[in-house]
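Shown below, as structure tokens, is a lone chain in the form predicted on its own; questions about how it binds or moves come after it.
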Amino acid sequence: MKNLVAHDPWHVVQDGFDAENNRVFESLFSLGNGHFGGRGNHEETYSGDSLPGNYLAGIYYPDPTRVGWWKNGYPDYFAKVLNAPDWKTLSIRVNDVELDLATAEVAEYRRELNMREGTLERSFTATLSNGVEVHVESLRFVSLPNPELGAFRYRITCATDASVVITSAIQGDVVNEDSNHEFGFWDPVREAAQDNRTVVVSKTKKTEFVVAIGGSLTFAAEPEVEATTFTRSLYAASTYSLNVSAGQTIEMVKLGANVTSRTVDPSLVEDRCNQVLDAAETKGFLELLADHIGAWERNWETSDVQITGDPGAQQGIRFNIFGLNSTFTGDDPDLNIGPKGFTGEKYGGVTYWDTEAFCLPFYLATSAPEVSKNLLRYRHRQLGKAIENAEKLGFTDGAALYPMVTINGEECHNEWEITFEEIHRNGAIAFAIFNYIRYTGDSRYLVEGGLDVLVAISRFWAQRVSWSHKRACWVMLGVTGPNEYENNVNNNWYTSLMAQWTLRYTLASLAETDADSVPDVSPEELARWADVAERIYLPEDAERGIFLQQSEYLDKEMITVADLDSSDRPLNQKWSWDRILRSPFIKQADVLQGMWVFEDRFDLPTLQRNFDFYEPRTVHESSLSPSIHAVLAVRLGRLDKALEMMLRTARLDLDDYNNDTEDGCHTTSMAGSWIAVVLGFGGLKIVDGQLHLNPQLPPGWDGLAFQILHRSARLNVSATTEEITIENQSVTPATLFLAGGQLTIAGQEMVNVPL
């Protein structure tokens, strides 16, 4: 854990140049708009340790898998969302010396993310090796209302008379740092440079996406500065030579267009790129900025969370909400949520079960239903590939196994114990359909695609189990649960619970839906599903009164995290994998994950016994873990523990808890922090389609406020230690349960309920 940034409710500030943590700050200062985005790299040249990154949603390359021993069914590739040509590139030479903060003497350095407005500002004073002092100020944004546009304003002032040469370029010969085979993914198509306009058109190898990245540079001062242009393969540049007087400021604006053949005909991407730049030049930087700030204001109106009394928690939750709204906007059903968003390359930028299990609740409560529905449509569109994935493993008759990792529906995860065995992801996808319907009331989605997915997943579960004569029940052999520190175990309780629930929900949904609208399922299949659901083995230990994480869990040495020496942590960096697998230690919530998903099925004594047994054995070496423990700790009234877990997830990246923020920020942990606050301390849950709230403030918090959209009502909930206030900001009456009592709030009405 590092104290990198001061606590501030709306800003993340780097105060002072810090080359050692530069990659961490590049991650923290990332910007995105759901369609493209990039890391907080310097605009000008930086030769120090850096991970430059400009990423385009949905543009990927199937990087060939590297394994020592090939197995049947193994994925041929790991999909990578590509590091794309960079529109931001500037080179500035002052009296023939490059402005490069890695070689200059830097003073008064400040970099600031304004989360309210969605902007990144930077300023510094630097003395170059030739003794010239320069002062720089920049302001950057990735436009929320214009999904193909980015822009920055750059001001440079020289302390002495100087000759300044400025090169604005599109740098296209970029690579992914995590490439399996260390080769580039881009082929050149065309480069163009004329006056202030530079464009690079390139095409991805194999997948053949065509991308046009363009830039235009304009100067604020008159007369206009003439450009000298230059192109080479995957590179286009315009160079400007200026003579400036001491104290004179050069102000320039660079606009960047990012256009792809995913949404535009490949033959038209360059024309579209120039159209985007033309329109932006006509509108001007300040108006574009104002439109962008206005869009972020509207975002915050429906998604902000306010915490009073704890500045660190306040900054953390807003940073994570900012990241979620920068990553996914929900206007395209062919896009999903990458585990690093636009902040880095790790995990390939592709889709995991994290979307349904952790991210969906945030979008359900803060965005229009169509946003969440598009996440479901994404999986429905890939159902055919999920069936193919199952066929590769020997399943038949339309059984579907959704991939652990994907961008186009094909499985592309590289670790066999995950690819073949972490099948609980099917359960998360099925539960997401139920979660969406119970929250929105949109039961029509069952016939629009939900039942197709549920039936295919149920067919998988019914084939995946085996009959145990010894136990006289159905068993689930050779699986990996959410706790990835156990592989190839039998009867993982969470996996089997999700299978049981899916089968029962599918049966109930088929029975309740018009027969003309349901998939064709034979009576024999229905009977099989019912029998598996009734007689599936869910291991328990009656003496302890707990559910067993897997059949043989108690065969392990029953030590706890408190028994570990601090030098052993983190286990995944200090221990062999063999030692980890034989230990009782848990990477993230597993049994407790199931008790969170189905929280109303378990009474408090049962939850308490399982929490007290498993949490002391959990090392929380996954960003997915703390949020679940926070919600359950609130339910148990352990608010101190809940706050500890909430802060761990809310500030995971800001404080670099796991020493890995340099790879990019953790999108799932961002969603987890919202879960910990709103579903935990806010007590938000949906039971039988009804909204329930039960705010409980942890020590040190004076107030908690959040906005939620439920059905057609928009509610502003505010809780203090003395009262709860709910304002219905819509015209539709809202009925809800507050701390167990039913309450109806008329449209535009505000109610106060004393504690």
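No experiment lies behind these values; they were computed from the predicted model shown. Note that residue numbering begins at 1 and tracks the sequence as displayed.
The form predicted in complex with a further copy of the same chain exists for this protein as well; it is not shown, and the discussion that follows is about that form.
Checked against a further copy of the same chain in the predicted bound form, the candidates 125, 241, 229, 572 yield a single residue with a heavy atom inside 4.5 Å, and that residue is 572. Scanning 225, 526, 165, 475 against a further copy of the same chain in the predicted bound form with a 4.5 Å heavy atom cut-off leaves one residue, 475. Taking non-hydrogen atoms only, residue 394 approaches a further copy of the same chain to within 4.5 angstroms in the predicted bound form. Not displayed here, a further copy of the same chain is approached by residue 554 to within 4.5 Å at the level of heavy atoms in the predicted bound form. With a 4.5 Å cutoff on heavy atoms, residue 601 does not count as touching a further copy of the same chain in the predicted bound form; it lies far away. For residue 78, a non-hydrogen atom is located within 4.5 Å of a further copy of the same chain in the predicted bound form, even though that partner is not displayed. The stretch among 363 to 371, 578 to 586, 260 to 268, 427 to 435 whose residues place heavy atoms within 4.5 Å of a further copy of the same chain in the predicted bound form is 578 to 586. Although the partner is absent from the chain shown here, 417, 471 and 487 each have a heavy atom within 4.5 Å of a further copy of the same chain in the predicted bound form.
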